[in-house]
Structures are given as structure tokens and as C-alpha cells.
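What follows is a single chain, given as C-alpha cells, in the form predicted alone.
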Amino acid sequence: MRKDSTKRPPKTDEKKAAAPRRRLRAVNREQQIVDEAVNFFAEKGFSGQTRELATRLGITQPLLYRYFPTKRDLIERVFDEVYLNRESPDWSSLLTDRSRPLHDRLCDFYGSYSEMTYRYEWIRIYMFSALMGEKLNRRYIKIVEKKILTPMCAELRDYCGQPTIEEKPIRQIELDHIWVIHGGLFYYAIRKHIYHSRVSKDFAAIVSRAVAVMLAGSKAVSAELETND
């Protein structure tokens, strides 16, 4: 019988064929864990288990703990990533630039603020942590009152011709008044990302109307409020 002259392909070394998984640099691995943790906690809340998070990442739980020794460490890093790292240094100057009308300043501020915060993961993590009694929310509220609402109170006083905050300290009722518009606009994001209800796509128009009503109303009753104080 004639031998088959067809040449067979040489055998492939399976060990060489299987390309080894590329190891990420420590800083890249850490950021990968944080990014996925943001998505994970937005979906599951902070009650989500790190074992499941590790599975999603395709890593072992011990490796996850090498970067974040405790679940609390990871939660704190997620808080920094979602809340603190999204603050803009321009917000303060934007709110206090009295060369521009207050209406325009507030509209521009909420346009920028909403882009950074009214997002799926931001809203859901905020709501989950609030329901669980997390201190993160209280910490963030203090930041909002100090860096956003207090300057807004000062600018509203100037707009209404009232004493400066140096002449007369801001009262809680003033902060609560500002919280009404701030919380009302925030509820737009809750309706969108939590309730998945129908919302207007023209958020800028919503902000403009809300700000105009707030300014007009504040000026209309400012003299009365000042007298009652």
C-alpha cells in the first residue's frame, strides 16, 4: 500500500498556545475593583456580598481583600469615588460671581451639578445607604450645606437686599428653604432612576422655571420675613 503523502500539521504545544492572562498593575486592578463596586452597590445596595463582587470581577475574594482589607474600606472608597471625586472646584465661584444674574448662576450650577450627580449609580447608592442608616449620607449632607446651600443663602440674601451672613448668621429655616428647591430638583432624578417614571427631557427648562419661581417668591416675601425676625 502506498503511504499517505499528505503532510499533517505539526502538533501545537498546548502550553504555548494558551496565552497567559495578563496581570494588571496594582493601581489598575484597584481602580477596576472600585469601578465594578460602584456598579455592584448601585444594583445590590451595601448589603451586597464581596464574594459575589469578586466573582463578577473574575478574581478571588482574598485578592479583593488584598486591596481593601474590609468591606467598610471598600464602601468608603466607593463614597469617595461617587461623591467627593465628582465635586467641581468651579461650583463655588459659579455661585458667587455677582457680575452675573443670580438666576443664570443657579441655572448653570444645577446644569453642572446634575451632570455629575443625577446618575443611575449616584442616586441608587445614595438611596440604598440612606435606607440602611449609613453615615455616608449624613456626611454628604453636611458637605452640601457647607459648600452649596450656605453660599446660595448668602447670594439669595444679596438678591433680596437683606443683611449679609457676616452681619446676621444664617438660620436653619433659611437652609431649609434652599433645601426645598435643591431637594425638588433632586427628586426629578429619583423619579427617573428609582421609580423609572416619565420625566421631561428638558431638565434645563425645569431648573429655569424652579429658580425663577424661587427668586420671585423670595423677593416678594423678604420684607415680611425680615420684619417677623
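Since this is a predicted model, take the numbers as computed values, not measurements. Numbers follow the displayed sequence, beginning with 1. Just so we're on the same page, rigid core means the largest C-alpha set that superposes within 1.5 Å between forms.
We do not show the form predicted in complex with a further copy of the same chain, though everything after this point is about it.
Peer 1: Is Arg25 near a further copy of the same chain? Define near as a heavy atom within 4.5 Å, in the predicted bound form.
Peer 2: Arg25 lies outside the contact set for a further copy of the same chain.
Peer 1: Considering non-hydrogen atoms and a 4.5 Å limit, does a further copy of the same chain approach Phe128 in the predicted bound form?
Peer 2: Contact check for Phe128: yes, within 4.5 Å of a further copy of the same chain in the predicted bound form.
Peer 1: Even though the partner isn't displayed, in the predicted bound form is His177 close enough to a further copy of the same chain, meaning a heavy atom within 4.5 Å?
Peer 2: Residue-level check for His177: yes, a contact with a further copy of the same chain.
Peer 1: Any of the heavy atoms of Ile141 lying within 4.5 Å of a further copy of the same chain in the predicted bound form?
Peer 2: Judged by the heavy-atom cut-off of 4.5 Å, Ile141 is in contact with a further copy of the same chain in the predicted bound form.
Peer 1: Thinking of a further copy of the same chain in the predicted bound form, which stretch from 65 to 73, 26 to 34, 50 to 58, 177 to 185 has heavy atoms inside 4.5 Å of it?
Peer 2: This holds for exactly one stretch, 177 to 185.
Peer 1: Using a 4.5 Å cut-off on heavy atoms, which residues of 64 to 102 contact a further copy of the same chain in the predicted bound form?
Peer 2: The stretch does not touch the partner at all.
Peer 1: Align on the rigid core first; then say whether the Cα of Lys71 has moved by at least 2 Å between this form and the one not shown.
Peer 2: For Lys71, whose C-alpha is compared between this form and the one not shown after core superposition, the shift is 2 Å or more.
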